[in-house]
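Form predicted on its own, single chain, as structure tokens, below.
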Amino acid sequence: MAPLGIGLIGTGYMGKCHALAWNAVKTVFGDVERPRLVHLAEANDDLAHARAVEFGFEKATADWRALVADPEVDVVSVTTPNQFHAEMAIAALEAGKHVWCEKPMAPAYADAERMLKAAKAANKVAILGYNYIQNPIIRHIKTLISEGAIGVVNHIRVEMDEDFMADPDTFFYWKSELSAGYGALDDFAVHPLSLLWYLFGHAEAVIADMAKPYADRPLKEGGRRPVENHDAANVLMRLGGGISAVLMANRAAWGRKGRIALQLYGSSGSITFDQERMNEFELYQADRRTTEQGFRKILAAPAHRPYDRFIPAPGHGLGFNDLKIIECRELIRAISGEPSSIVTFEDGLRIEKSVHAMAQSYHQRRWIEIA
């Protein structure tokens, strides 16, 4: 396969993460051609050119449409704020590019539907940046579940908490705008939903509550502005096979930095995992003698592939950006026509549908069945 020409729109937190992945995927995996970093787009020329030098891109522009139209670009990474995803991803697909778009798809469900329609019409690979499913530990948990290591799973609890919105004096910015979405649910809780989808499938019914820890926030220029979406949410869910689940998400949880706490309870055991300690999980198996029963801590190791591609020794640990490199390799697999572990736009739309059902449930105060 010829080297892929890469275009990157946006160079913030996730833009840099994508750039690191494109730069490292050949070094880590070795079995792909080194991508060619062709074109980078930012909000103005000065920033675009500075980032292009830093990230290793050949060209820079303040016009993302010029990047999309560039015939040397094969894949477009979209890492801009949520409200721009649909327009950019659809334009890239219509220009015949593959797309790697950060989550969520779009604040409006109709826009997410248009994104999927564009992907199908273009017959191009279009995936969403749900890199937590790429953790070798999560992959191994999936294997354990399929092997019946904890019996039949009957109940799940998952929590996602961070504290970047915990300070009431944090200035109002785009993540608190209604145009950015519901808040904790779609900016945030889509990550644990991607884990639930990967391990068990999508939710079939939901009932939700949402909350605003702070009604307004200060503006940099003075005064205050009402917070337009919700920083916390609680959801009861029913999954396939009679599994009950609880989802709790909070963007204003002091002390939590990157917590996705997953608790899986089965007929003969339990599994617990926390993303803040992403290189370990705990396994409880009831078939052990009562004198030795208890949770066992299992550390990530080369046997948990593709950990071995990064580090040859157990217990040293991968990081968030490493998961993005794995996701990048899976995208290249998909483009090559190989089996891959990715969240396609079709899978992503089902996650979006779950989020919108949760919001509908909150407003209507009832259970919502998800077709």
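On a predicted model such as this, the values are computed, not experimentally measured, just so you know. Only the largest set of C-alpha atoms that superpose within 1.5 Å between the two forms is called the rigid core. Residue positions are given as counts along the sequence shown, with the first one as 1.
Keep in mind that the form predicted in complex with a further copy of the same chain is missing from the display, and what follows is about it.
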- From 227, 180, 199, 253: within 4.5 Å of a further copy of the same chain in the predicted complex by heavy atoms is 253
- Query: Is there a heavy atom of residue 263 lying 4.5 Å or less from a heavy atom of a further copy of the same chain in the predicted complex?
  - Reply: yes
- Using 4.5 Å between non-hydrogen atoms, is residue 26 touching a further copy of the same chain in the predicted complex? yes
- Is there any non-hydrogen atom of residue 102 lying within 4.5 Å of a further copy of the same chain in the predicted complex? no
- Would residue 316 count as a contact of a further copy of the same chain in the predicted complex, using a 4.5 angstroms cut-off between non-hydrogen atoms? yes
- Pick from 286-294, 89-97, 75-83, 218-226: which stretch has non-hydrogen atoms within 4.5 Å of a further copy of the same chain in the predicted complex? 286-294
- Neighbours of a further copy of the same chain in the predicted complex among 205-242 [non-hydrogen atom within 4.5 angstroms]: 207, 208, 209, 210, 211, 213, 214, 234, 235, 236, 237, 238
- Examine residue 292 after superposing the rigid core and state whether its CA is displaced by 2 Å or more between this form and the one not shown. no
- Task: Spell out whether the Cα of residue 154 moves at least 2 Å between this form and the one not shown when the two forms are superposed on their rigid core.
- Result: no
- Item | Rigid core superposed: residue 244 CA moves 2 Å or more between this form and the one not shown | no
